[in-house]
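Encoded as structure tokens, the following chain is the form predicted on its own, with no partner shown.
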């Protein structure tokens, strides 16, 4: 079978260096909050050209802690794209209300226009999701947020390495949140995440929130749980970060190869916007015959996934949020997309002949 994603392949070429890094941590006797974490935080900050990186337990925790750090209240709203499934759980964990909005048809990402349609006086923050690795155009969203004094948080879980101009996503808003889940472009062998920001006050508060609200050990300024990026995972990330630029280039070359082989109407987006550098975490196509396409691919031994099969307002967990009832709401672009999208096998190391088999089968049945 040809897998859609292959975390084993993402680690295999660096196995000797990763094993050496893990053994170094084992021998050190320090397994939390040590030199590997601080080293990764500095190196990732240098990579992104940003002042502060705070390693945390997961991408979901990164969102939750970011919202808590800006002082979110339980009666305030956070705008979230309706088609970004995991993002809503990070918002819910903060105690705030997730307020869903629809997305643009061509990109399946939010815009200033879709955000404005759901703004209220209770809106505290906007979570911009760079879905599939495709950067969202940030200028209009930033301008809107500044005018209304609203925070902008970038969810870069699928977009590490993506750029707008010469600047990496995650560095445009007030805060950027990253996930290092095993299948991501920059990945751990477990859970992991990071918060990045140029606001030192926000960074300092997140550092407290990730460790019982402590400013120094055993002295808590506020009540909090813990969310720590472990030393072994940080050591793995330090190895993989050295090769991230090369892996992104490989993903981009593969992504362009896929795009050239398929019709424009089946691509997301149809055309790549000049000045945007796609991170290519996933390669997602759309088809009015998605379910048949999925079945035909599987018959040829080609696995595929749906990111994501239901928009958020269809999820039982989010039928009612605070004063909002979502069971009666309608987000047509997100709803239609959930019936059309399919993620194809796509990861560094996927052989060219395997890529050809995938593309030939897709062209036949899409």
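All of these numbers come straight from a predicted model, not from anything done at the bench. Residue numbers count along the first chain shown, from 1.
Beyond the structure shown, there is the form predicted together with a small molecule, which is absent from this document and is the topic of what follows.
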{"property": "Full three-residue contact with the small molecule in the model of the complex, heavy atom 4.5 Å, for 138, 172 and 278", "result": "no"}
{"property": "Contact residue in the model of the complex, from 91, 110, 236, 157 (heavy atom within 4.5 Å of the small molecule)", "result": "157"}
{"property": "Residue 59: touches the small molecule in the model of the complex, heavy atom cutoff 4.5 angstroms", "result": "yes"}
{"property": "Contact label in the model of the complex: residue 179 to the small molecule, heavy atom within 4.5 Å", "result": "yes"}
{"property": "In the model of the complex, residue 308 touching the small molecule (heavy atom, 4.5 Å)", "result": "yes"}
{"property": "is_contact(residue 129, the small molecule) in the model of the complex, heavy atom dist at most 4.5 Å", "result": "yes"}
{"property": "In the model of the complex, segment of 260-268, 91-99, 211-219, 157-165 with a heavy atom within 4.5 Å of the small molecule", "result": "157-165"}
